[in-house]
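Just the one chain here, the form predicted alone, laid out as structure tokens.
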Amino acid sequence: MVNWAQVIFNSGVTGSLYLIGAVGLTLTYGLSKFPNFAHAEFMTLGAYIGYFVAEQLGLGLPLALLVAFLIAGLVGVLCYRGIFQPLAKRGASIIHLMVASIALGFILRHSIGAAWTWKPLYFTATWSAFDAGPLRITGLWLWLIFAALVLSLAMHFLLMNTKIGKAIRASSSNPELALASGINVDRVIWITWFIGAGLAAVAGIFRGADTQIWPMTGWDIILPIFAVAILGGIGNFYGAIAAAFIIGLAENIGVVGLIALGLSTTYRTGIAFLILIITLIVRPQGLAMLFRRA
């Protein structure tokens, strides 16, 4: 008998993780105009930084999230300014920038492996589990859902009520007009990369704390993250929120189907891939027309 209440709750947990990981990707994608595959390594870097702060220094999860956000955000800005910005100014195409991001990701991934080894690491903190009616809930999952809620409210406020948020929206919609209006588009992109890489690090910590940490942590979930960004509409924050939970729900319902068919649940990633393909064929603009562009 399928516990559908648990399936729905698990979908919310999965969607929350994908939302945190995808917001930065969709915003940087919308501004920089290329898919940054090194985004996966920002998640991995965040997981390791979080492990170091929370486990090795014993400073707890909240401080680990903050430190990982700041360090990964700085790394993201340095990567953009040192690699992608110079390439873009020299006329590099989307393909060139995408390949450069894959190469950067490879370098970061193996640098992380060399620094921390490829042996899996685990958070030792005990996340208390309890029953709430038909649901089985852990403290970590509540932290994750809370973080996604705070992120959604904070990003809404940033984009709608601050100068930098309005500059981000203007630069994403029409960078030439934004530049002509006196907006420093380069600075806006740097800030967006800082936020994007920082949020990726936060997603990496939650992913690592719920499973394990190893140099492929980010790469393991980069496909669903891209699926969320594309389904939501490139550069559309509100579309990404809806897409994250749509894909989270599709994956968890898909797991029920896989189990019913006697198949391995490792095929769940294929569900995101299927949604990605269908979106590109049927509605390449994603959910962008249904939400205000941000």
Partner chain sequence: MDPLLYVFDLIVFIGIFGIVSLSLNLEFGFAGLANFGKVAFFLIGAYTYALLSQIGLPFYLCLIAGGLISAIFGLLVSLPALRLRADYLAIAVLAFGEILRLIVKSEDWLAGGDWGITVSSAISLAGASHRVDALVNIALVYFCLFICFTVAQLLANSPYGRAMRAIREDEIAAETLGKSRAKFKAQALMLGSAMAGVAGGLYAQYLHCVLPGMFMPMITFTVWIMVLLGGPANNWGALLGAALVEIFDRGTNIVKDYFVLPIDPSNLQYILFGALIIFVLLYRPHGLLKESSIKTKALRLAYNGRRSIKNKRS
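Every value quoted in this text rests on a predicted model; they were computed, and no experiment measured them. Residue numbers count along the first chain shown, from 1.
Only in words, not in the display: the form predicted together with the partner chain, which the text now covers.
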*Would His96 count as touching the partner chain in the predicted bound form under a 4.5 Å heavy atom rule?*
yes
*Look up in the predicted bound form whether Gly165 has a non-hydrogen atom within 4.5 angstroms of the partner chain, and give yes or no.*
no
*Is Ala154 one of the residues lying within 4.5 Å of the partner chain in the predicted bound form, judged by heavy atom distances?*
no
*asked:* How about Gly254 - does it come within 4.5 Å of the partner chain in the predicted bound form, if we only consider non-hydrogen atoms?
replied: no
*Among the candidates Leu149, Leu135, Ala114, Met160, the residue which, in the predicted bound form, approaches the partner chain to within 4.5 Å (heavy atoms)*: Ala114
*Consider the chain as shown here, without its partner, and state which of Ala178, Leu104, Ile145, Ile191 has a heavy atom within 4.5 Å of the partner chain in the predicted bound form.*
Leu104
*In terms of non-hydrogen atoms within 4.5 angstroms, which of the given stretches 263-271, 64-72, 239-247, 50-58 touches the partner chain in the predicted bound form?*
263-271
*Go through 222-239 residue by residue and record those having a heavy atom within 4.5 Å of the partner chain in the predicted bound form; state none if no residue qualifies.*
Leu223, Phe226, Ile230, Ile234
